[in-house]
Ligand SMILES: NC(=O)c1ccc[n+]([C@@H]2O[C@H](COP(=O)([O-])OP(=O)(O)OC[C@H]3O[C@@H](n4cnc5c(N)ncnc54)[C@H](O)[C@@H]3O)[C@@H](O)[C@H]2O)c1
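Next up is one chain by itself, shown in structure tokens, the form predicted on its own.
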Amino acid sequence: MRISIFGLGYVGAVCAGCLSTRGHNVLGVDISAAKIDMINQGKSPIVEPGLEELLAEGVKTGRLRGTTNVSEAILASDLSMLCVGTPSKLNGDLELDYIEEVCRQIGTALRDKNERHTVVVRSTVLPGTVHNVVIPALEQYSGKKAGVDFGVAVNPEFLRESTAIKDYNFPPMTVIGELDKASGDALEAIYAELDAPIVRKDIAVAEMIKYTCNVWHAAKVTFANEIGNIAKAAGVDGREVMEVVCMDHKLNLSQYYMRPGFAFGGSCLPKDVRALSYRAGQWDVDAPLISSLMRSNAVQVQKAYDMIDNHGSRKVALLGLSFKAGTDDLRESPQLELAEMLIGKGFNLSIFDSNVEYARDHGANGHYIKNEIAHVSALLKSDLDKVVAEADVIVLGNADPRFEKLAKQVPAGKKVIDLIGFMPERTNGAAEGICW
């Protein structure tokens, strides 16, 4: 394919080298004449192991060259990759001046092109940037319509400095955010030969995926450092601890706890987070990430309450009182906390949880349920259909499979708030998800 790459910094230069080596005809574009001269001499404008060899090979075979002429690049290519910088402003927001300027230039060049051209944003941009900044600039300066006269896609990069070429050739996945199918098809053709899944999503989803990955990496580094600091204060080598922690791919390094939804609860997580935070404080170890976990958990409970309150009706059904389906355990249950908030605010609340109801009369938790939270247990009902019928707002509180059908087919005249993830889509009419 004929590809033009705008911005020959770290990402752009690596992409130029890798794509040209894989047989594509690549035209690198940059406002820096010095960078263009280096590219055309087969030299690398950045320090990256193995990159200069790729660039030199691309120039030697005629598959790679550089130019400062935007119009030339657009007319001589079928697809353009935007790899320009998006640095931070002083207030932390993204600086989009470079993106806007290159889109104006590309849009102007597209006026003179009759063939369909696809513009791919490879720069790291926040969700909404392509729809609110990139596409309007391209349309304004080209006089054409995105998705009709030209294509638009997002293709976030996951390249690490010093291992970028290996990361390009052996990615965990290739993410494509597409405005339309034709745009996604054009981009997928470039990566079809890589041995990695190709994930095609809406543009905003692809934009968010990149940020989520980077912030998750930052969170992991911070978490490991805080554990290391606390471990050292306890006389323990944190490296030994994390080495064993990372051996667990069933829970610790897995999808298990990585699904957006309601707050955590139960007999272990809350008390252990509090205990470790407390002991860190005793040892004068500052652990702001770990110390913030309980506060963040409380925010999620408050968010669920606010969603219920925003519907305006006082008739609410809470389906699931235990923190987890298949158990009667109410210790630190965020569902119980939510019920307490609703009762305290005067909602007409009904609760269905067959496990908790059984435990009230037969289980070891019976005394606690009947006496310690009598005001809550008195609201337990045994007839699920009746609880649903008498409520205006139905809250799916845990993953009991009996509740799933309510998220997929909301009863007429009702509103469903899904705290679990039963909903098949982000929006589902009368159903609303806590994080989707």
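Just so it is clear, the structure is predicted and the values come from calculations on it, not from any experiment. Start at 1 and count along the sequence shown; that's the residue number.
As for the form predicted in complex with this ligand, it is not shown, yet the points below apply to it.
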- Item | Heavy atom within 4.5 Å of this ligand in the model of the complex - the one residue of Gly266, Gly85, Pro171, Pro127 that qualifies | Gly85
- Note on the structure: None of Tyr191, Tyr358, Phe347, Tyr98 but one has a heavy atom within 4.5 Å of this ligand in the model of the complex; the exception is Tyr98
- Look at the stretches 116 to 124, 224 to 232, 140 to 148, 294 to 302 and give the one with heavy atoms within 4.5 Å of this ligand in the model of the complex. 116 to 124
- Message: Would you classify Leu396 as touching this ligand in the model of the complex, given a 4.5 Å non-hydrogen atom cut-off?
- Response: no
- Interface membership of Ile135, this ligand in the model of the complex, 4.5 Å heavy atom rule: no
- Message: I'd like to know whether Asp93 contacts this ligand in the model of the complex, with contact meaning heavy atoms within 4.5 angstroms.
- Response: no
- Query: Is Asp328 close to this ligand in the model of the complex, meaning a heavy atom pair under 4.5 Å apart or at it?
  - Reply: no
